[in-house]
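Shown next as structure tokens: one chain only, the form predicted alone.
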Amino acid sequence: MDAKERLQWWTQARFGMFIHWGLYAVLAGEFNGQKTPHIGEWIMRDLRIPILEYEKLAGQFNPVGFDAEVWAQLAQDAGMKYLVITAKHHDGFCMFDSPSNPYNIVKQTPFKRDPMKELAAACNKRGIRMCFYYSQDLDWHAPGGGGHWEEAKPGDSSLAYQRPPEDFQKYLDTVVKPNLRELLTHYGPIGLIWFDVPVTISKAQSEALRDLVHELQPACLVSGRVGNDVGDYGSLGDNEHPVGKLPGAWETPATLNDTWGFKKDDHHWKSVDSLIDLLVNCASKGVNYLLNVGPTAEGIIPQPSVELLRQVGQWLRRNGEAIYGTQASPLMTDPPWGRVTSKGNTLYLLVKQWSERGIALHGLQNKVLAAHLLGAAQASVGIEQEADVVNFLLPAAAPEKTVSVVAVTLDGPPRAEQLIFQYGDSAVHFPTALAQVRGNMKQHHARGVEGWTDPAMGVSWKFRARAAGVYEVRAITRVNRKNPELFGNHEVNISVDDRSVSGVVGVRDMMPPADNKTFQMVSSVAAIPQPRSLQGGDCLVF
């Protein structure tokens, strides 16, 4: 079975539940009166808790409130099609009954039950794919595991610290591979193994784990975080959302608040509007959305998580047609009013900014045959199409508070011109993640480019202007707040057709930083005169 076959159910699913649950939930973000400033599940490493001290948490872990039926039902209520739970995180504690590793929930805790077996049964009953997270590289408990800090040099906080390579290979052979065999033979069909943090593992070792998974369950997917680009699909960074559509299969893991594992003081819950917005954005880029909950040590999913997920599920029951089984937008960039997905001969316009004047779609090369609103069958949508611009005339009231959906029937599979378009006289945005790059720079799916160290390097875009005039050019770069002198005060030259403007993007222009963020934006503004050929409808290189 090849990756394309394995991915069929996964690309249909689009939305999954992530669960981070382990001994760290007992601490809930605090140890001996000291609170961790970081995420909950990393408390052992961040607060340098000795192995013998951390092991004592197992005696306190008794999640009598755990009910697999309740957890699986919440995933179903939220519209999630697969569930990924931490079978073993970096602390090395197995949350399943492992014959090969006595450091597990059945043998070491008063609970004495295998929650993975109960959850697998509950998910199977509801048609939800059961999946396991497994930390294959970092293991702060087992000898030979990556990331141990006890033997590192003072001040060395590198994640890549490990014992000799032969010790790490022994760890893979005696801990990881036996665990994988257990997870893939004792719990029925498994949708995927979600590996994580491949900082020390070699390509050959990543390939060996991938091949073992496929040998044991040929239909089981292997996440991209197995390392060295050998997984069945790619994984974006934590809470990282793409700017444009991505080639191949991708997923973004995200949190409901700031942490993954439970922290009692983390009440920074995202709004339901932002969650739907992120789900819609991922789907429009052809990316799966894996949204996390962090249960308590008692086995209870926090009530704010429950309420938020149920509200997302309510929206999906009315509009899921525009998410499940869809492909990325055929457009190069997002229209200013929202996002676009596609399925067969249908485009779904996911409208975030409703307007009684209607919305426009630029660059579509198909003929539009019909359009209607999801969840509002009685409301009519008018169509005005001229060349590559389609205007959709909307009812006065939006059917949804957050994102409403217009389903558009085309004369065939969607085709669109791959340009950046200006809508009306609005600003035109040029994300570097979608630029043509000149020179040896690294281009990220969400963060743009880095490594711009030579004036010969550059980025360019093709765009079509709709309104002639004098334009203000604003260049925005990202700097590290800890070392701003290393990243700011660069001169930038911007050309449009035969006109150009230069300016310094400097630390003096720093925007107010977001809380707890290492990076912040630097903005510089200049005016560029109207080039002679910048008339409405012209295509230019920027």
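Note that this is a predicted model, so its numbers are computed, not measured. Numbering starts at 1 and runs along the sequence shown.
Here the subject shifts to the form predicted together with a small molecule, a form of this protein not shown in this document.
- Think of it this way: in the predicted complex, the small molecule has a heavy atom of just one of E215, D265, D238, D273 within 4.5 Å, and the residue is D238.
- Listed residues H90, K285, K81, H445 were compared with the small molecule in the predicted complex; H90 is the one with a heavy atom within 4.5 Å.
- Listed stretches are 395-403, 118-126, 327-335, 188-196; the contact stretch with the small molecule in the predicted complex is 188-196, by a heavy atom cutoff of 4.5 Å.
- The small molecule in the predicted complex is approached by W42, whose closest heavy atom lies within 4.5 angstroms of it.
- Taking the partner from elsewhere, G144 is found to have every heavy atom lying beyond 4.5 Å of the small molecule in the predicted complex.
- In the predicted complex, the small molecule sits within 4.5 Å of a heavy atom belonging to H20.
- Within 4.5 Å of some heavy atom of the small molecule in the predicted complex lies at least one heavy atom of P253.
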